[in-house]
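Below sits a lone chain in C-alpha cells, taken as the form predicted on its own.
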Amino acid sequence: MSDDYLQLKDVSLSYHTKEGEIKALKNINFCVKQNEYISIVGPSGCGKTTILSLISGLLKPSSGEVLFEGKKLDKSIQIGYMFQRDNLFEWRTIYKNVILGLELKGMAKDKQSLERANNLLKKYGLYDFKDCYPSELSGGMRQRAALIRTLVLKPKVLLLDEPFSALDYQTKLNVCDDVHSIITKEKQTVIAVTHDIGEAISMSDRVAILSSRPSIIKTVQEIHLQHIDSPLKRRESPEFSKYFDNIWKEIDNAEKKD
C-alpha cells in the first residue's frame, strides 16, 4: 500500500477580489494511502471544501501541486465527488440516475459498465427499487443510490463533501454505517470534509485538522478504531471521547486565534 497514493505538495491558493488578494490555503502538505479514509475538519470558512475542489480539478492551486502515484493529477484519473445533497434527478428512475455518469461519458451501452451498475444495485439492496423514483425512497436509500452512481465509474479517489449533513441525526448514524460498509467492501480511497467531529472519528483512519484562514494543517490525528467494524459501534468505544476532546480543542483554539 503506497503512502503517497495521493499527495498535496506545498499547495497554496489565493483569491483575487476587488479588495485585494485573499489567501485561502498556505503550504498544504499531506499524503493519502490507498484504501484510506481521511476526514478534514477545521473552523468554519477555513477552506475544507476548497481542498476537495483542488483535488477534483475544479480549482487550480496558486502554487504547489496535486500528485497521484507520484505524477501530476490530470483528467485521465477518475475522481468521484459526492456533495452535501444526493442530487438525484427526480424525473429519472433510480437505475437511470445510477447510470447517468455512464451516459455523460458515452458509456451508456457498455455492457460491462451496465453489468457493474446492476451488480452494485443488487449488492447494496437497491435492485428491487431500480424502477422507483427518488421521491419514493428514504433519505438513506437515496444516499446509497448516489454513492452507487459514483462507484459505477470506478473512481480512483472518492471525495465526500458533507454528504450526511442533510440527514436527521438518527438517519445519519445508520447511513454512515451503510456508506462505510460499501466503501470498505469496494476498497475505496476517501477524502471527506465534515464539520461533525463525531462523524470524522467514527468513519476515518486519520483526521486532518486545519487552522483558520489562511489554512495550514495544524495536526493530523491518527484514529485507532479500525478493529471495530462499524462507525456506530466506534462511537461507543472508550477512546472515542478522548479523540473527540483532542480534535475539538484543536479546532476551538484555531477559531479563537482567528
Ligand SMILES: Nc1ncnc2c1ncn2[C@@H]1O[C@H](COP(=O)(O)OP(=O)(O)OP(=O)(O)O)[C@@H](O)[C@H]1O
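In this text, residue numbers run from 1 along the sequence as written. In this text, rigid core is short for the largest set of C-alphas that superpose within 1.5 Å between two forms. These numbers were taken from a predicted model, which means no experiment stands behind them.
The form predicted together with the ligand is left out here; the points below concern that form.
Looking at the ligand in the predicted bound form, residues Ser44, His195 and Arg213 each place a heavy atom within 4.5 Å of it. Only one listed stretch (66 to 74, 228 to 236, 49 to 57, 31 to 39) carries heavy atoms within 4.5 Å of the ligand in the predicted bound form, and that stretch is 49 to 57. The ligand is not drawn, but in the predicted bound form it has a heavy atom within 4.5 Å of Ala24.
Residue contact with the ligand in the predicted bound form: Phe244 places no heavy atom within 4.5 Å of it.
In the predicted bound form, the ligand sits beyond 4.5 Å of every heavy atom of Trp248. For Glu162, a non-hydrogen atom is located within 4.5 Å of the ligand in the predicted bound form, even though that partner is not displayed. Relative to the superposed rigid core, Glu21 undergoes a CA displacement of at least 2 Å between this form and the one not shown.
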